[in-house]
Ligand SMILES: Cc1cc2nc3c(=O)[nH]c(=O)nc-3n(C[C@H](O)[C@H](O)[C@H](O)COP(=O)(O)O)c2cc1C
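The chain below stands alone and is given as structure tokens, in the form predicted on its own.
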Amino acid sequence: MELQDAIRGRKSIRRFLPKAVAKETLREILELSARAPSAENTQPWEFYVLAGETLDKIRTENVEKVRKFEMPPPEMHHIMVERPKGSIFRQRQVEIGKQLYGLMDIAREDKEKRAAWIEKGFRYFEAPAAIIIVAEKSLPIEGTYLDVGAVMQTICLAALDFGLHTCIENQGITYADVLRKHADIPETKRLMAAIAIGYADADFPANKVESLREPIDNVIFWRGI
């Protein structure tokens, strides 16, 4: 796939086909993605790749915690981000949510359907595999997030070249205790991001979401050119 096509075509996929992704394919994607830039070549990322029985156990326990309304452990409070009310950022979040729920025919007042939909994120949208990106807790979180963002985007673009799709999601790392138990992730590692990966179900309504972008001239400020 051409790079420009990949950049324009990348989107969040919220339902995957029940088709396994070969371990070697995942390895090739990560090997390529590890070429992403990082501050002073620190390469702070590490990857825990989940599939099979391990991923199924995590899905199940995540949903159990959601249904009990359990809060994330304190170590995960850095992912609990609230967009300022009345801001353009909150507006964009609401707009994409309306599009998504509209396609899924989930009414605002339908609490049962909304709850069922939320659970899907904690199940990695039924993807056959998930990539958990971690970094050492000893590293400063702000700079490390920049580096992880670079490798995360690269993974999503590289996946397209292998006919795969992705969804970056915080829900996948919300319950750090579940991941540490089933994926044997040490306490010294900070959970940074989760990426569901697999073959997209093209017929699933939510996969037809098209996120809009601000006109580029609204966010470019030319100086000296």
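Start at 1 and count along the sequence shown; that's the residue number. Computed from a predicted model, the values in this text were never measured in an experiment.
The same protein also exists as the form predicted in complex with this ligand; that form is not shown, yet it is the one meant from here on.
Though the partner is left out of this view, Glu169 does reach within 4.5 Å of this ligand in the predicted bound form, counting heavy atoms only. Not displayed here, this ligand is kept clear of Thr25 by more than 4.5 Å at the level of heavy atoms in the predicted bound form. When contacts are judged by a 4.5 Å heavy atom cut-off, Phe125 counts as touching this ligand in the predicted bound form. Mapping the unseen interface onto this chain, Met104 falls outside it, with no heavy atom inside 4.5 Å of this ligand in the predicted bound form.
This chain is displayed alone, yet in the predicted bound form one of Met76, Ile132, Met152, Ala135 has a heavy atom within 4.5 Å of this ligand; that residue is Met152.
Counting a residue when any of its non-hydrogen atoms is within 4.5 Å of this ligand in the predicted bound form, the hits in 4-31 run Arg10, Lys11, Ser12, Arg14.
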